[in-house]
Ligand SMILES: Nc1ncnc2c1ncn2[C@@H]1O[C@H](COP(=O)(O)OP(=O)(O)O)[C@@H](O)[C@H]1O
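Shown below, as structure tokens, is a lone chain in the form predicted alone; questions about how it binds or moves come after it.
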Amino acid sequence: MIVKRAELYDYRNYAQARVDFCDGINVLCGDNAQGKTNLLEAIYFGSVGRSPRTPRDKELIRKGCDRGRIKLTQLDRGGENTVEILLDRNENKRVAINGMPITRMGELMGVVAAVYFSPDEMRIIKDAPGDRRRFMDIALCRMSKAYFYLLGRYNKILAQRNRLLKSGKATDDVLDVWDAQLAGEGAKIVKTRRGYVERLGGFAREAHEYLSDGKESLKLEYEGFEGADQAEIEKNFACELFRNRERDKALCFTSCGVQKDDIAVKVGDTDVRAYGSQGQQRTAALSLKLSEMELHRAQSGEYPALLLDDVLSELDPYRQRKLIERSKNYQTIITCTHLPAEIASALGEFALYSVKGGAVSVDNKA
């Protein structure tokens, strides 16, 4: 799968731009604050319906404008597809696939597949569990519309239970009903997530050994409700909800559930989340992204596009070379402020674009 074209209208610092990408390596080069990251952000936004940088869609509209638009053209084995997203300061975003408006965001998942990585993505390893859950859930939603809707149902039930707890009218009879629903949907999520982490772990181990030249081995473990099958997970979840019921009434929110789960990330016996060096955390984060690429291909038969935002400058020369070698396996879009000769040589054939003041021009087409 490749992103064939991106068109931006009144998006961030772009008044209007059209960029045609090659199916190999694409390099966006330019000074800071010229629009390189904005272009990658737009592609990712068209993939999952949200920005990796802000939860507020209206911030994406160009200053002084009431509306903005993104249009992506994607090409895979099934042919060509388009995704168009309209942004409005006074209304919710509207999405159309191949010209047909959609009413459920789940329909967007998987149309344009892209994996995004920037230096800020190191938070996947070193920050709060919510960042690792978000990484996992976005990947699963992109691969499965059913999971997207499952997660939505769980979050709706959780919000209703929390409203009940805050109201002070949470009787045991009513909580029994909500707890049964929450445990039922939550068990499905745990089972899906745990299976995902198990599959991802094999690819992550291989990617980490590749990046560290075999000196380190990465291990992933899902941290959540235990159970040999979905029924046992559901039972354990329901028991934990009941055990925490009085506490939840006092706190006025649900204190346990899949919204608290995490992924353990270990190099050898070291928990990299808390005790890893910056280099280990950076390599582990990159390993997760590369393993996400491989798992998507194993699931769908095609690689997603890899979006690398100013990542090469954060890596030592050895890991730069290793990442470049791996990037040649799929469509990659890289941003940088300058392109050293040694990196250009390692890239081989690539398309080079100059980005300046919200305008993109082709410097060299591979």
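So that there is no doubt, residue numbering starts at 1 and follows the sequence shown. Everything numeric here is computed off the predicted structure, so don't read it as measured data.
Note that the form predicted together with the named molecule isn't included here; everything after this is about it.
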Next item on the list: State yes or no: in the predicted bound form, is some non-hydrogen atom of Ile61 no more than 4.5 angstroms from a non-hydrogen atom of the named molecule?
Entry: yes
Check: So in the predicted bound form, does any heavy atom of Ala33 sit within 4.5 Å of the named molecule?
Finding: yes
Item checked: Close approach of Gln16 to the named molecule in the predicted bound form, 4.5 Å, heavy atom -> no
Notebook entry, point to check: Is Arg69 a contact residue for the named molecule in the predicted bound form, using a 4.5 Å heavy atom cut-off?
Noted result: no
Item checked: Option touching the named molecule, based on a heavy atom within 4.5 Å in the predicted bound form, out of Ser327, Gln320, Thr37, Ser51 -> Thr37
Next item on the list: Just one of 43-51, 296-304, 312-320, 25-33 has residues with a heavy atom within 4.5 Å of the named molecule in the predicted bound form, so point it out.
Entry: 25-33
Check: Counting only heavy atoms, which residues in 334-352 are within 4.5 Å of the named molecule in the predicted bound form?
Finding: none
